[in-house]
Ligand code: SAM
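Consider the single chain below, provided in structure tokens and representing the form predicted alone.
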Amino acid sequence: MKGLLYLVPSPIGNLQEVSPRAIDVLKSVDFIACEDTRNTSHLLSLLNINKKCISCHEHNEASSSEGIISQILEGKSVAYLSDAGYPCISDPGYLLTLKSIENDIQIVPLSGPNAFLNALVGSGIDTSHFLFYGFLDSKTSGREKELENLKDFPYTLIFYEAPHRINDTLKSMYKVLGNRKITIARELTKKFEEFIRSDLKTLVDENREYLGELVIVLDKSKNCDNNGTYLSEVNKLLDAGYSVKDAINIVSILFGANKNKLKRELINKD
């Protein structure tokens, strides 16, 4: 009989974020696979749990997964932890999960702490629709190209960033996206947790120093307040051979655009 693969979120700052269910799972599994054995061993020590830890990180996940999968197929259950938050969310774990699914192994994800959700709900920026992007390219040219592709999205945008790159990233955002409302959440759930609510121009001009883990929450494109951007998307679909009805329906679903407004825009344009 096959074992199970548990995906266990780890604390992003506060040890009390570890749920009773997570503790029960960590105690019950045969061994633990993790992004960093040192960090996970320290966490287990604080929880009074003594389990064998196997390294499975960004650089060895492909090879390490094979050994982990073989043990699960032999009937052993495994918990996977990445550092600070959910496995697979800007962290390793995806390849292990994918290979487990390919081998018909049951995946059991546990609920728990997540930095970008904490940042979003505390940001004061629209939460109705959002896009979590993770880390942008560390190089300016790559970063600005990614932002160009995101600038007209009608959703709140969420990014992770490191303290030593944050000011360069803010400059790229201001250059490509223009001035927008922004919240930077830092050191979430820790003693010095802080929400910095401002706008891009102000933060670029301040060029302040940021410490700790950072989450950037950006307001949606101002172009989303009218149907111009949506209409261009409809026209792209029409050029690709879609009917007017199908093109409008697709854009309405993808972007939350109003169908009747789009129809009127098309009529007025003609």
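Source: prediction; values computed, not measured. One-based numbering along the sequence shown.
The same protein has a further form, the form predicted in complex with this ligand, not shown here; the description that follows concerns it.
*Asks:* Which listed residue (D126, E144, E187, D168) meets the criterion of a heavy atom within 4.5 Å of this ligand in the model of the complex?
*Replies:* Selected residue: E187.
*Asks:* By the heavy atom within 4.5 Å rule, which residue out of A84, L136, I105, L120 makes contact with this ligand in the model of the complex?
*Replies:* None of the others qualify; the residue that does is A84.
*Asks:* Is I12 close to this ligand in the model of the complex, meaning a heavy atom pair under 4.5 Å apart or at it?
*Replies:* Contact check for I12: yes, within 4.5 Å of this ligand in the model of the complex.
*Asks:* If we define contact as a non-hydrogen atom of the residue within 4.5 angstroms of the partner, is T140 a contact of this ligand in the model of the complex?
*Replies:* No - in the model of the complex, heavy atoms of T140 and this ligand never come within 4.5 Å of each other.
*Asks:* Should E213 be counted as a contact of this ligand in the model of the complex, where contact means heavy atoms within 4.5 Å?
*Replies:* The answer is yes: E213 has a heavy atom within 4.5 Å of this ligand.
*Asks:* Examine N114 and determine whether its closest non-hydrogen atom to this ligand in the model of the complex is within 4.5 angstroms.
*Replies:* Within the cut-off, so yes.
*Asks:* Heavy atoms, 4.5 Å, this ligand in the model of the complex: which of 70-78, 187-195, 170-178, 144-152 makes the cut? Say which one.
*Replies:* Single hit among the candidates: 187-195.
*Asks:* What residues in 46-77 sit within 4.5 Å of this ligand in the model of the complex, counting heavy atoms only?
*Replies:* Heavy-atom contacts within 4.5 Å come from no residue here.
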